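Single chain ahead, written as structure tokens, the form predicted alone.
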């Protein structure tokens, strides 16, 4: 009997703000435990929360990037429940008026592009971090009150591949927009995966697997939870609405608690926070800050002939990607090869960042121009690399010192004729169709010129002179 798996994913993503969502505490929960806390985080009597403007801007930016309809008038609500990581006894969130609704993102599957709808994006505050140690649970309240957006998908996902692609695409957009650092391994992005199976048109009973710790594990959960549910149904038993967790070692989901009657969070408006009205001017100012996203960058890189492998390396390193886009109208293929190759190798060896050296954007632009016009070759670049990083001398000056610019075509022809005269056996081998003879002769040319010529031009002249010798 064929079953269809249906998946919805809720993603909690921490926002890159300096302070918490409703208090002046520092947003840096990786500091020493329980040092970034404030009376507002604990709802002490008489304290009043204040909305973090930057948090609203970042949430609005996310809603725009995910093609959502924007709620211009928003209310904050209290989600009431009792748990040790929630000292106030409630969480401030948006139940009735999420900042964005009815959005989508597009993923590229093996079958082609597919839209995954987003039900809503809402702003809320994070809870404290629970650290389980043997029989005890420790609490770090540095994370309590950190601004979050929760992104809730529709049940449009049906396979492991789609689930992984959805989370990857969403993470990429948030990261490139500088909305969040999206470090799943550190908990700044967390996924709850809802899975159900059914062999009819009616959706099955869903389970929710909480706090899945990596994008790969999101796919694992879809796979193993669907398999578990199908096995239960095949034996005639019943699926219950449950909250589960993923055991990575055993590759299975484990029951945490059963939802007998569903959750009653008793949402009601937070009386301490007045309605928030987003003006058209505020919305447009945020819209002007929308970045060039990864997919748009991929198109630019493909137009410049950069290989798919290098494109993904560039996209994975936003710093390099930003740097490339700032170089202007130059040969980005050559620039990317340098940045990913010799430049990155030098920086790694010296344990430095590019901005800490004297290799400016202007120098790189000049180097790319010299390489693309054949006035300089790659060996020249490697020879002057350290000086480019450590001195103020221009690439042209360094090139002059290497004497690369002094070898004219006429001088090169003369050198090649001399080499051919000294190696008649290799000339004969070439004329008899032995290709390795050409490589040998080319090696002699590079040796004679100490590598200070454009290899492509030298090869052209060498083959022309060999042709002349034959005739």
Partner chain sequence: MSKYLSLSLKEIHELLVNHTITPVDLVQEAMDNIEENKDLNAFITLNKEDALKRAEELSKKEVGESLLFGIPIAVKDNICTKGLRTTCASKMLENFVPVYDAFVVTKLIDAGMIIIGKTNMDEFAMGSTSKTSYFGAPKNPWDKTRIAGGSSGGSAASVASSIVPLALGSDTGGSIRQPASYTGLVGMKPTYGRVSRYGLVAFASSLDAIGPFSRNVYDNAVLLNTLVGYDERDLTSSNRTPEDFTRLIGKDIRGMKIGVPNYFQSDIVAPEILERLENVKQILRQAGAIVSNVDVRHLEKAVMLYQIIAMGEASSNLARFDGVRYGFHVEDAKSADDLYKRTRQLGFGAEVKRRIMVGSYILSGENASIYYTKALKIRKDMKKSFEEVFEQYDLLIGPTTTTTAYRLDENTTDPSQTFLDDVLVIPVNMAGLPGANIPMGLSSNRMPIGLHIIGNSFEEAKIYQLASFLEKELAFDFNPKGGE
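Only a predicted model underlies this, so the values are computations on that prediction, with no experimental measurement involved. Residue numbers count along the first chain shown, from 1.
We do not show the form predicted together with its partner chain, though everything after this point is about it.
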May I ask you to check whether residue 213 falls inside a 4.5 Å heavy atom distance of its partner chain in the model of the complex?
no
For residue 78, is any heavy atom within 4.5 Å of its partner chain in the model of the complex, or not?
yes
So, in the model of the complex, is residue 48 in contact with its partner chain at a 4.5 angstroms heavy atom limit?
yes
Taking heavy atoms and a 4.5 Å cut-off, does residue 264 contact its partner chain in the model of the complex?
yes
If contact means any heavy atom within 4.5 Å, which of 79 to 87, 168 to 176, 353 to 361, 294 to 302 contacts its partner chain in the model of the complex?
79 to 87
Taking 4.5 Å between heavy atoms as the contact cutoff, choose which of 269, 204, 187, 219 touches its partner chain in the model of the complex.
269
Have a look at 407, 419, 413, 43 for me and say which one sits with a heavy atom within 4.5 Å of its partner chain in the model of the complex.
43
Let me know which residues along 111 to 143 have a heavy atom within 4.5 Å of its partner chain in the model of the complex, or say none if there are none.
139, 141
